[in-house]
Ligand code: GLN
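Next up: just one chain, as structure tokens, the form predicted alone.
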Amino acid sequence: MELTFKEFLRGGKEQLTAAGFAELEAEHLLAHTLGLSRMDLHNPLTVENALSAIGDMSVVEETFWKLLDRRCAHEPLQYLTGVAYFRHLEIKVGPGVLVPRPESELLVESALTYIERIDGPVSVVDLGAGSGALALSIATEAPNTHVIAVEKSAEAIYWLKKNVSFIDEKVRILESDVSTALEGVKCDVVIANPPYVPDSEELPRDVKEHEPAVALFGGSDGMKTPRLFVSTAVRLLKPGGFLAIEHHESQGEKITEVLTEDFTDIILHKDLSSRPRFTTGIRR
């Protein structure tokens, strides 16, 4: 059985490689099929027990090959496994919500650095929270925070509620348009990952064909929605409050221009590939 299993996994890797995908993804898909972690695949006893529990190798094969075919058709890996890994969290995702990106982890890090300097409770608002990856990372890594996740998409709200219920039920979910959210409320920190991709930009097939356009595109130059999010941040933040907003690599100067009137200490931050990725500022 073990030899068959290894050949079986090798076949999956070959199929993905031929289609232009990383062979490692075959391990993620097979682990998901067996109800194991990817690292468990390297433990023969654990694999044997999982296969024995299922009882019918043909069921495993059929499920695995179907997942491989869907991946080769450019369905996001995270949609197929139902999980995206973000910082220390396993975020549940699926159709209707944007897959959280590793680049956003640096934005969270920046917000946490600011939060560490504040004594007492810190109020945080995540605008356009999506799956809740950013909001839940801050809530779990900074216990002195009170986090509100704002999201208007019903499809994204489904995943947001699921993640909040599994990870940290103290995070408050507000189903609202950003422009009218939390009127009359003031907070210490606003984080935001708005739709910022210019409408004309060509995206990878995985993203273009499967992830929600409403969470991706921000108008002709990509700045329509970021401007709206900044306007809301200006309304929400106390003087001295902190804003971190993600944006397109081409939008650094435009974001700075938008922030200049109401913010000081404006800093453009780069991602791990040295591309401009998010900007922070302090509310005047």
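Numbering starts at 1 and follows the sequence shown. What you are looking at is a predicted structure, and each value in this text was computed from that prediction instead of being measured.
There is another form of this protein, the form predicted together with glutamine, and it is not shown here; the text below is about that form.
**Student:** Quick check on residue 195: any heavy atom within 4.5 Å of glutamine in the predicted complex?
**Tutor:** Heavy-atom contact with glutamine at 4.5 Å: present for residue 195.
**Student:** Does residue 90 reach glutamine in the predicted complex if we count a contact as any heavy atom within 4.5 Å?
**Tutor:** It does not: once glutamine is placed as it appears in the predicted complex, residue 90 has no heavy atom within 4.5 Å of it.
**Student:** Indicate whether glutamine has at least one heavy atom within 4.5 Å of a heavy atom of residue 109 in the predicted complex.
**Tutor:** No.
**Student:** Might residue 209 be said to contact glutamine in the predicted complex, defining contact as any heavy atom within 4.5 Å?
**Tutor:** Answer no; every heavy atom of residue 209 is more than 4.5 Å from glutamine in the predicted complex.
**Student:** Which is the contacting stretch out of 24 to 32, 215 to 223, 44 to 52, 59 to 67, given heavy atoms within 4.5 Å of glutamine in the predicted complex?
**Tutor:** Selected range: 215 to 223.
**Student:** May I ask you to choose, among 147, 98, 190, 160, the residue with a heavy atom within 4.5 Å of glutamine in the predicted complex?
**Tutor:** When glutamine is considered in the predicted complex, the option within 4.5 Å is 98.
**Student:** Answer with one of 141, 103, 155, 175: the residue that has a non-hydrogen atom within 4.5 Å of glutamine in the predicted complex.
**Tutor:** Contact with glutamine in the predicted complex is made by 103 alone.
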